[in-house]
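Provided below as structure tokens are two forms of one protein chain, presented individually as structure 1 and structure 2.
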Structure 1
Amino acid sequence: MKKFVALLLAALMVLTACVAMAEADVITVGIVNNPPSESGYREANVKDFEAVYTAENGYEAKTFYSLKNDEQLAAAQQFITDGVDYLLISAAETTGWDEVLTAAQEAGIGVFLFDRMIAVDESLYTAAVVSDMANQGKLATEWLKSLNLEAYNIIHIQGAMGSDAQIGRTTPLQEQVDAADNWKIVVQQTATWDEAEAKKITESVINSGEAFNIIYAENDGMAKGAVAALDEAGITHGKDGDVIVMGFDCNRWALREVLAGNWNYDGQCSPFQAQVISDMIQKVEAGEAIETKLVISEETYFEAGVITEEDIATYGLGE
């Protein structure tokens, strides 16, 4: 009985939604994201969505930004209650979303995941447009491998433990270290994306006197922190230096460091998903089926000696 009522209700909602669509062509979307202040990546990401989901493009966007999963969940629930047509989510954590997404499905709301995956059954969302963090880690590890160094002694500075970016950028490196004899992790520590903490971690390795020749930091800020520690200890780094420096995210200032040869590598993490999702929404609106559930943003990397000013202008995030 209860199920029947729920089904009826859902059907009714879909019907009203359809009617509403037929009447007015304004599509309401609820966007749940992390705050733009989180990073250069997020700033570009938020801007991208603000630029696409505008009244001119036929959208009415409601946004909610938080770094906390529970707040995001509450906001998503609120958007469902408000009766948005689509829910666009970049989750703070990969877990805990089953209930809300089930509620969205029952309410007939299309769910798109962007930037980050959520650990739920794929029937609960329409499509996901994400960065393949694991691929970023893989690209970086492959690049490192291609250097053919005699020994790989790595300081591995991790992001906030459990985040998609941390797991994706850690796993391929870890697998390579486990597989190869001449790859060694000198220290593996989380700085929770905190630049100053990354500096302290690097300092502690320098003070211990252990040899290392690679800094693998899981974002640009932490790489900068590690480099500050190297500078203070008089250790050379970059293209012609003793230590190879690797970062992720492609902030513009970070790419300039790569161009100047102070860093060796910066992995891209594309923040531009808004248009892809908008195209899909239009497809759904037109009654077409979406073939691929998982769309992966194409990403690349930049290395010292190869990067150009043009690359910085095109791919650099932030100022």
Structure 2
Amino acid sequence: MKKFVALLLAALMVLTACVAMAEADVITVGIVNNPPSESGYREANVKDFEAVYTAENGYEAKTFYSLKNDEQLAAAQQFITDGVDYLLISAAETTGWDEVLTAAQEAGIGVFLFDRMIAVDESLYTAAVVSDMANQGKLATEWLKSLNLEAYNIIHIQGAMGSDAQIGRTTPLQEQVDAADNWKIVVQQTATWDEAEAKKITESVINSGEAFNIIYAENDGMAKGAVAALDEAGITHGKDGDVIVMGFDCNRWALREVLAGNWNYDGQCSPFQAQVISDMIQKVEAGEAIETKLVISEETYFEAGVITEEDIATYGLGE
């Protein structure tokens, strides 16, 4: 009997040790992101992270979604209190993060930025895997400029103010408007990525009777809302229409609009950063150095008359 008890205790000790080792091998990540309902881009981005940060891949993922910077900051601070191993952040706004990231650093928690940059010293994060939002805005503005229109009268529908995407897609356009006499912003207003709000903004301009010939919407959903207002008013748009339509993100349905000539331009924004960051985390866990602190996604744009079905199959997001 004593021998049996001793063997049982030994087996229990081995089992406990194995469980402890298994738990120790799990990497906990706190993911702070914008909600998937924000846009088709964000839905793809969230799905990408959900697919990578799984128990099967050795992770325990805690997630928080909000479009409000203060809520994101509070969630990040709670993840630090919870003792996660890494914080992964796509910030609603570029500012306000110094204190939280300093707290993460003091707690020995690695920080990875994804999708968007934050205005902090680079010493406060391990690495950033992001889009070059300013380049997206530059490409769009240069494309518009290449049309050599006699007049540029623009309805500018902005994303969530203070976000890296909004700043990057706004600044080059605003600089061109300030520099050129024939460029004019008819209205510049945020729709906070919302399709219905973008429609209302466009309707208000239509009802005012003020002339415009360009819709510059900072994501596909807002471009879709603006186009709905044009359609209801009987205003033609796209390749052979009276109004140029521009969006960003390259949702598959949006690229089909470009292919059909209903839209003129769609700027790419890649949502796929999760695996790149996971590979970096594995290097850190193995005691290896990360070669590149800043990884910028390669992105382009697509225009009516040039885009192909192959482009849509390759670069389109969603169904």
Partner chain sequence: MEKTAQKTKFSWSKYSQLLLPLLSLSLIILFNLFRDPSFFSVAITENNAGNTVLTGNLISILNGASELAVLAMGMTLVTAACGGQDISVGALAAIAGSMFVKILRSGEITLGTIALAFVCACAIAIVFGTFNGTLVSVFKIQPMIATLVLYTCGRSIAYWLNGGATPTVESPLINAIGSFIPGIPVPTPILIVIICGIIFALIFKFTTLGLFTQTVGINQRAARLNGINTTFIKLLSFMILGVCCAVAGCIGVSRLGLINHETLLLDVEMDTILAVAIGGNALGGGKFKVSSSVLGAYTIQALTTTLYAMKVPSTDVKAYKAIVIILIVVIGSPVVKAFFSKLWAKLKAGKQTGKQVKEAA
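The term rigid core refers to the most C-alpha atoms you can superpose between the two forms while keeping them within 1.5 Å. FYI, numbering is relative to structure 1, first residue = 1. Everything quoted here is computed from the prediction, not taken from an experiment.
Note on provenance: structure 2 matches the form predicted on its own. Hinge location among S146, Y65, S297, V205 for the rigid parts moving between the two structures, by C-alpha fit switching from one part to the other: S297.
Of the two rigid parts that make up the chain, the smaller rotates 15° against the larger between the two structures. With both forms fitted on their core, the C-alpha atom of Y59 sits 4.6 Å from where it sits in the other form; this compares the forms between the two structures.
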